[in-house]
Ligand SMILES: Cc1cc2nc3c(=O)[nH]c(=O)nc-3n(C[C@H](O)[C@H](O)[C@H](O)COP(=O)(O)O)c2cc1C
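In the block that follows, a single chain appears as structure tokens, in the form predicted on its own.
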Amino acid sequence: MSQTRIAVIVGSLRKDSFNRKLALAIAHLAPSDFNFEHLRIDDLPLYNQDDDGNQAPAVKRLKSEIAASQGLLFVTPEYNRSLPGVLKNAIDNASRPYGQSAWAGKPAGVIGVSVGAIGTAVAQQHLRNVLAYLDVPTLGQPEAFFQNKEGLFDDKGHIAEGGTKKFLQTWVGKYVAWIKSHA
């Protein structure tokens, strides 16, 4: 059975990140032929166009990991009604120099969890705008933005049983189909 490699980009650097937990929970709900690899973005330099001709080793590594994947999974919190700066920096670094974007053509899913009542809805919309420009076909429906409430995750870090888990399983099924349809 051939493995489908998914590059996971978590927009939070926090040690106990809810979004990292969500990314791990998604991997538990996905088929066994999907391999989720978390990409490191905390060591990237701030994007500077002057560096396009000589990208840092961390940027080259990120671009190589994206190129080796068959799909992308963005799991992000919402900061100040937008996507986190660390995530935007990773996107900018891997999209340059112009015409050499590692993102182009890679199918993606966008999801997130936050403590706010609207979850990550606004951050996801901003992220979708950026991904559209970068030619990243992104799963449109169902949208999934979760509010982190007591009991969302069980003691093993999985999504707890109930309606949320059923919804997330449906989302994962649509995401898997989306990635396969673009393979």
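These numbers were taken from a predicted model, which means no experiment stands behind them. The numbering used is simple: start at 1 and walk along the sequence shown.
The same protein also has a form predicted together with this ligand, omitted here; what follows describes it.
(message) Can you confirm whether 14, 18 and 116, the three residues that make up this candidate site, all sit within 4.5 Å of this ligand in the predicted bound form, judged by heavy atoms?
(response) Every residue of the spot touches this ligand in the predicted bound form.
(message) Please determine whether residue 103 contacts this ligand in the predicted bound form, using a 4.5 Å cut-off between heavy atoms.
(response) It does not: once this ligand is placed as it appears in the predicted bound form, residue 103 has no heavy atom within 4.5 Å of it.
(request) Flag residue 77 as yes or no: does it have a non-hydrogen atom within 4.5 angstroms of any non-hydrogen atom of this ligand in the predicted bound form? (result) Yes, residue 77 lies within 4.5 Å of this ligand in the predicted bound form.
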